[in-house]
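Here we start with a single chain on its own, the form predicted alone, put down as structure tokens.
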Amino acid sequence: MLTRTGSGAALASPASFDVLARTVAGRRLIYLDSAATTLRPRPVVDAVCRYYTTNGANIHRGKHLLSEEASDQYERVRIQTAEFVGARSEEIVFVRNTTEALNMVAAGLDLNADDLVLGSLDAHHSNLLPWRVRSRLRLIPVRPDGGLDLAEFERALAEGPRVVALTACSNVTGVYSPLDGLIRLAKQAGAIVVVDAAQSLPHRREIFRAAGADFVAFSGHKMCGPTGVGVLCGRMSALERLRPVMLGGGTVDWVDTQGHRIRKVPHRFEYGTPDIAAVIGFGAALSYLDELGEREIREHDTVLANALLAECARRDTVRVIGPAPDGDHAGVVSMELPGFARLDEVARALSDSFGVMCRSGHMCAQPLVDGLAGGQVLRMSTYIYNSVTDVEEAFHCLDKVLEAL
């Protein structure tokens, strides 16, 4: 069930998400932790259940009916994913999540300790640690408003980085990076460009087709899909140069006692039995998002992003980490609460007493959070099933928690 009523209303009907029918402490549940993982609509859950109840076979090399049915369905999702992001189907590699995709690229490029990789301070640990252990990683700082220090970025490009690892949208500040310009500069400098799109692609899907990155990584569970499926989307020329880091079943066409012949892209990167049900469920998620509309999802994200910042601006009890009200930002806001050191207690009280699910901590981006906030933050993040009313109620509940603590 879909809905498109009112600019402040939920874009997707909450009735499609069974979790949202739950109550906590006698109150309706408000889910504001979508930057960590989104909820799944019933069509996604049904697709996963249908695979297990009507098929359940392994894909590809089997010649029996069930295997061929499952293989066809799996490969249809690959085509669907390619159409969703504007790529070719052979440029889509199914992985477990964004972390695996980024590690796959970092390892497969065979970097050495002297290779310079430019990262950014707003990176998730998944787009920082794989580079740091293999290369000379330099982090570009961010401004107090969460935006990348563009002057420093341009100066660093003059040092000839082999790789530029960008973050499309911070999972802490919600600030979108100006990817087109950054990628253009990085390519002019001769760098391989890798983009962590885990936080942006659920709202904006033009990254791969417009910006010209070599590799883009994202996760299904942050866009209404199941856990256990992510995507590495790469230019064919870039994928063909990438060394597969895991070999075994599914990655080779021929093996004898002396050697092996590796499969074509993308199958050479998909080792072992994948999470078939998750991929099929991801296809259902893409269909669901397609029905809502690309433009509508983007606009809804902006409405809720502005609602979050507006609620923060009305209070002197919170300090926003990052975005300026007129900046380009997603429906993600991280806050300091001056005078409240134990933000985990605030998050637990919001959950257990008011049914508001949000997150406290370093958000797997500790260098950024420590740099901008000096410690943990409280984060609220929205998606298609949220409304402005959800945001207003959540902040009203936060007021009550802070009064009580």
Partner chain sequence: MDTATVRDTPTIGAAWREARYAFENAPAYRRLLAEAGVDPSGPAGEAAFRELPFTDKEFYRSNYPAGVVARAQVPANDKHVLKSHSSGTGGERLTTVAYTFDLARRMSATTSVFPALRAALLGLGSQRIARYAAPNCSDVECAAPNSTMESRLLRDGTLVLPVGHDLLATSEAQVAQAMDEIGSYRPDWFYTDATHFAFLIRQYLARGQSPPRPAAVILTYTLATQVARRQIRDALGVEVPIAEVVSMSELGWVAMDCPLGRLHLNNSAFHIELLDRVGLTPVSRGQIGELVITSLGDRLLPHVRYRTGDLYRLMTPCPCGHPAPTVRHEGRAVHFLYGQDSRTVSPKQFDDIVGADPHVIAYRMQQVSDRRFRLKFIAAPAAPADAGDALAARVRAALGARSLVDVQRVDYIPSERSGKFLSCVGSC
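Small disclaimer: the values here were computed from a predicted structure and weren't measured. Residue numbers count along the first chain shown, from 1.
In what follows, reference is made to the form predicted together with its partner chain, a form of this protein that is not presented.
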**Prompt:** Which one of these stretches, 321-329, 261-269, 189-197, 308-316, sits within 4.5 Å of its partner chain in the predicted complex when only heavy atoms are counted?
**Reply:** 261-269
**Request:** Using the partner position in the predicted complex, report whether G293 sits within 4.5 Å of its partner chain, counting heavy atoms only.
**Result:** yes
**Message:** Residue-level question: is R96 within 4.5 Å of its partner chain in the predicted complex, judged on heavy atoms?
**Reply:** no
**Message:** I'd like to know if C49 sits close to its partner chain in the predicted complex, meaning any non-hydrogen atom pair within 4.5 angstroms.
**Reply:** no
**Asked** in the predicted complex, does R76 have a heavy atom within 4.5 Å of its partner chain?
**Response** yes
**Message:** Going by heavy atom distances of 4.5 angstroms or less, which of T227, T251, T302, S89 would be at the interface with its partner chain in the predicted complex?
**Reply:** S89
**Message:** Heavy atom within 4.5 Å of its partner chain in the predicted complex: which residues of 162-196 meet that condition, in order?
**Reply:** none
